[in-house]
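Shown below, as structure tokens, is a lone chain in the form predicted alone; questions about how it binds or moves come after it.
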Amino acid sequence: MSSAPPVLEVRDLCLRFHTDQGTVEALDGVNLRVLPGEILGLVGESGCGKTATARAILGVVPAPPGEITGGRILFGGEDLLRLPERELARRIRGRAITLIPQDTLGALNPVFPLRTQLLDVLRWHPPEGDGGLWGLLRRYGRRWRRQALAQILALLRQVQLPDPEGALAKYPHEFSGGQRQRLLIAMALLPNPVLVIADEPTTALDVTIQAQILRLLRRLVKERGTSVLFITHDLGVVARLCDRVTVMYAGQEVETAPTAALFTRPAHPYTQQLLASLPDHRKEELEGIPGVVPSLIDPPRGCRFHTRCSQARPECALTRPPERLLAPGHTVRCHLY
């Protein structure tokens, strides 16, 4: 485990949404840490709060109906929840922290060619540390444009986009899904961020293209020393890509461990059942987790998994378990420990 302070630390984050049906308790005291140069996987079933966590980190929770009711989001030691919106937009969002979204076509503007969109990224979010130089060059349009295009082409070659020079004149619909995913990776890395949040970026890709994108992403972030928060529900992707994993269930984090330890020694009953439900050619029938995910409008008290847990104890329905350290880097929230 790295002794360096975390790039990102989320502490006891609570988020709710006020709706016509009631108040949705989307996040209930979520904790996670992203270390320098690592890829942390954030996994769980749909609706468990993975994307809500990412939106809170980026400061794009709509208010109303969203409301962060507690916790801290420390980035480089600075609490993002206390930053004014203007400062967050100027220094952090899209610059120090960038996003690779899930919808490749919807994330790109259909009416502008790629050249215009990539230049806009550098125009509004120049690389950290280059603000003075880039601000000076911006006064001289042609010179700035030449240097910016040279940087863009170098990155497009890094992400292995065919014919980078010709690609700059194309529109988003002229690229395949895998090529658009490479473009979004390039756009996220263009400002030279400290942290990239990847929100299920390979969900819509076939398995061969998915493997290429994962290898490419891992190589690029390791070369650049960038940290990644990789959001997914695919445990196969986690096994191939991530250094550590945080497992979420119904708005609570339940276990965090190095990837190898999570797959060989899962501690929380939910993690155990989640891994047991993976398809296996040696199994005659697929296994599932009994019951359904509880409504977050009126969620269960204590550990929210206790309504589906075969090992639940009376105290599981009363109080949320504290975090227990099982091994270096391996923590779990469960009354069994």
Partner chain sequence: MAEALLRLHDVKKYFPLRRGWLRRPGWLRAVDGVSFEVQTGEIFGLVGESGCGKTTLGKTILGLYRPTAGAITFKGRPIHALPPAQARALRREIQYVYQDPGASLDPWWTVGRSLHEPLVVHTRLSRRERQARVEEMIHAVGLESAHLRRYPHEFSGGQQRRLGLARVLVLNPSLVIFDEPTSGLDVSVQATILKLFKELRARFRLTYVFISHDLSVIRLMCQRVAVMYLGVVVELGSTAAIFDTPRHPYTRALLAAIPRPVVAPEGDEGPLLEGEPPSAQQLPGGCRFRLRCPLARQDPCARLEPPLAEVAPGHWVACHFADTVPSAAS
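Residue numbers count along the first chain shown, from 1. Small disclaimer: the values here were computed from a predicted structure and weren't measured.
Keep in mind that the form predicted in complex with the partner chain is not shown, yet the notes after this line are about it.
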Original post:
Within 4.5 Å of the partner chain in the model of the complex, do we find a heavy atom from each of Gly178, Ala211 and Arg218?
Top reply: yes
Original post:
Does any heavy atom of Leu278 come within 4.5 Å of a heavy atom of the partner chain in the model of the complex?
Top reply: yes
Original post:
Is there a heavy atom of Ala260 lying 4.5 Å or less from a heavy atom of the partner chain in the model of the complex?
Top reply: yes
**OP:** Please check if Gly288 has a heavy atom lying within 4.5 Å of any heavy atom of the partner chain in the model of the complex.
**Re:** yes
**OP:** Verify the contact flag for Glu85: yes if a non-hydrogen atom of it lies within 4.5 Å of a non-hydrogen atom of the partner chain in the model of the complex, no if not.
**Re:** no
Subject >> Option from 141-149, 170-178, 103-111, 70-78 whose residues, in the model of the complex, bring a heavy atom within 4.5 Å of the partner chain >> reply: 170-178
Original post:
Can you pick the one in Arg123, Arg157, Arg240, Arg265 that has a heavy atom within 4.5 Å of the partner chain in the model of the complex?
Top reply: Arg240
Subject >> Any residue of 18-52 that, in the model of the complex, places a heavy atom within 4.5 Å of the partner chain >> reply: Glu45, Ser46
